[in-house]
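Coming up, as structure tokens: structure 1 and structure 2, two forms of one and the same protein chain.
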Structure 1
Amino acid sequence: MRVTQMMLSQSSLRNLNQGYNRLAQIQDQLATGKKITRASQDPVVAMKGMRYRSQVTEVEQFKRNLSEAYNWMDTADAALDQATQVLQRMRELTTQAANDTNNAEDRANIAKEVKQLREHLESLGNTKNSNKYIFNGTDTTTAPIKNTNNMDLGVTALLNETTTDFSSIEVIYNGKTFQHVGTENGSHIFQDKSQTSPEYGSDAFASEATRLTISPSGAVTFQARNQDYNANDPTSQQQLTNSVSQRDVIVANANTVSINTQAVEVELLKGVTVPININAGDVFSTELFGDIIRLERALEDPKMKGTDLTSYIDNLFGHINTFVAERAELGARVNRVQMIENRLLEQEVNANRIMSENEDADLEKVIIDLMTQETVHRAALSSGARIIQPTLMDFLR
């Protein structure tokens, strides 16, 4: 085959264009640091890159969720810590008041401080984080605790016709919350809310149930099973019965303190969610505020003796233990979140490494390729110039 001048020119031009394309590709790699800039250059790398990039984005979102979880739980822990200190101060004041060297005026002054501490507890129960109430389950826009100064409806609310829905009423007495279970001869019967059996109407209810009975005249009677009952002793009684002062029971709306127990959960790993709130009903409860109001009234009562305040101190001990237990549970959850954070950081490093291996250009290799391609390009230009250099004048000359 005869090779013409035109064939040499076109071949040289084609090789130069291919060299330019390779130079452009290498320069793109140097400018971006990536192996490819278009999916058409390597569809496999592009497809893997999209998958790895989604994984990295997912990890980054989980890290943001971690910040939210830490923020929420740290705020809750601080509020519980302060609430525990408030209750400890109340216990100290009650112990001080139980000393019979204090007169009625001294105890009344102590009652004023206890009232201020109760209002501070109320504000702690309504703690917000990022404008959200953290002690009201998933209902973060509503304050969980209403004004506790208006909490007590009084025993008379049960005796007149203003109260028709007794299921919405709770009675607090001696560290327990009682719920309405029935009415007999005009007397309202309230059973200990924590007692799931015996049920009202069963044979064992009369001998086993812990209950309060409020008669039509307003008399309050407390009955509970005698723990020391001896069936062989004819003088031993199955039930202990005490008459209770109206002043010492709190009749309250059950919704005074929110009972929303739904967990606020945050996804910290794929498919792994962790509740970040605590069950506020276990700490900031009608039982807590009811017992404090009972304490205030007892301190304001000039007839109250120091020894009579012992049961109130025991109630405060019980509430403090509840707060401590709730903080311990919250602390255990924080430890779990910290372990998840460590795992998440490892996943982030691995995901970035895999994505880098898939997408990032090897700069040393790219620079060498660039220098090689430049050398090839110059050689192509030089050889083309030599081949195409002879003109018609060169032949005629």
Structure 2
Amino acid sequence: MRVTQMMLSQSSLRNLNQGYNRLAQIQDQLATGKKITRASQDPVVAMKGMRYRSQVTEVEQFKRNLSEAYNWMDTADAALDQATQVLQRMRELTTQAANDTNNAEDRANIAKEVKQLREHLESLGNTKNSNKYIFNGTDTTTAPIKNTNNMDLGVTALLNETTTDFSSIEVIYNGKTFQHVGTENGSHIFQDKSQTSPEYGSDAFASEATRLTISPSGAVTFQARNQDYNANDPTSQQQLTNSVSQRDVIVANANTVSINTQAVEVELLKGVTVPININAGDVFSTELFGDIIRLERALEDPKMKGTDLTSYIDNLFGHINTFVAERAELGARVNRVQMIENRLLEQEVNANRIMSENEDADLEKVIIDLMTQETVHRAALSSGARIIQPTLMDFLR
């Protein structure tokens, strides 16, 4: 085959060009650390790359959501912890007051401290986390405990002629909230809120409903089913009836403590949402504040005997238990979130590894490629230089 100068120079130019192309590709790989810089170099890597990148973004986002969840739960836990301590302090104070060596003045002072502690509880109920009320469900922009004056309207508010909307009024007595169910001869009948049957007006209502009756004169009667009732014993009463002092019932506006029960949910894994708030109505309840006000009043009452305070202590125990139970439930949820976090961290490692395996260049290999290509390229350059230079003319003289 004839080979001419032009053919030689063209082919060495072509070879040099190809060498540069390969060098450029290696340079791209080294500079970016990626196997490919354009989708067509490897469509499969490109498509997978898009999917894996998306996965990594997702995992990172779920980690962000996770810290939001921790934020809420940690703040709630701290607030509940403090609230429990406040209640324990109240219990101690009450126990101290239940000692008959205290005179009325001592008890009044204790009442003052209890009042301060109650106000502290109120502020705990209004705890904010990054500008959000965390104890008010999804209604995070309004404080759950709004107008504390509405906590104690006084029995007279019921007897006031102008009061017509009884549905917005609740009565608190001994750890229970009562709602208005009807009026008889001017007396207002209130039924335990947690009790839905028997309904007012049914035959069993008189004998089975836990209820309060407030007569127009302001006299308060508490009636409840007798737990020891024995149908065969004619002496046993089916119904217990107590007369209650007016100061021992609290008439409050039902909206004093917000009752938003909707869960605030955050997605922590694909398709896994976890509620991050606790239900404020369960802990910072109208009962809680009502009972504390009842306690304050009792302490302020000079006629109070030490033994009479025992029921208030029991009452406080009940509320402490509610807080402890709620904290336990929150703790369990934190545990669950921690497990999710572990899974998420594992996923993060996996997602990043898969992404890296898919699209990252193998540096050792690329550098060896570079060395090889460099050698080839140098050889092409020098062979070109040697072959093109001399011609027959150099030797024809």
Partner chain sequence: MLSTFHALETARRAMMTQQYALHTTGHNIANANTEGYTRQRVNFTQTESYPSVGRNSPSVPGNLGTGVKAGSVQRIREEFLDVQYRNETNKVGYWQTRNQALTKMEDILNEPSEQGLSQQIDLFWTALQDLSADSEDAGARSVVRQRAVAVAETFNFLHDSLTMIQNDYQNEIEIKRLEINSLLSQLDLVNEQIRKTEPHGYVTNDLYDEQDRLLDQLSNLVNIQVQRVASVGNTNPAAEGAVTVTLIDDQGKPVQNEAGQPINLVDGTGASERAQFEIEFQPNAHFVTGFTVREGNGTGTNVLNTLPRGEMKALIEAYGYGTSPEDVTGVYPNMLKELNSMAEVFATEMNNIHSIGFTLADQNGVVHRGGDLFDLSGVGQGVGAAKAIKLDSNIQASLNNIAASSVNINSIVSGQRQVYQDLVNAPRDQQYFSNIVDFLTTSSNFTTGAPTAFAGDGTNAKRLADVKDTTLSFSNDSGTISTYYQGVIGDMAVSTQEAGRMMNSSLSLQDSVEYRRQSVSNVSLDEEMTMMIQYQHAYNAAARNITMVDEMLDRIINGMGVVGR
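Throughout, rigid core stands for the largest set of C-alpha atoms superposing within 1.5 Å between the two forms. Just so we're on the same page, residue numbers count up from 1 along structure 1's sequence. What you see is a predicted model; the values in this text were computed from it and never measured.
A.B. asks: Eyeball the pair and call it: which is the form predicted on its own?
C.D. replies: The form predicted on its own is the one given as structure 1; the other form is structure 2.
A.B. asks: If you line up the core, does Thr148 shift 2 angstroms or more at its C-alpha between structure 1 and structure 2?
C.D. replies: Result for Thr148: yes, a 2 Å-plus shift.
A.B. asks: Rigid core fitted, is the C-alpha displacement of Ala24 between structure 1 and structure 2 2 Å or more?
C.D. replies: For Ala24, whose C-alpha is compared between structure 1 and structure 2 after core superposition, the shift is less than 2 Å.
A.B. asks: After fitting the core, how far does the CA of Leu381 move between structure 1 and structure 2, in Å?
C.D. replies: Reported C-alpha shift between structure 1 and structure 2: 3.0 Å at Leu381.
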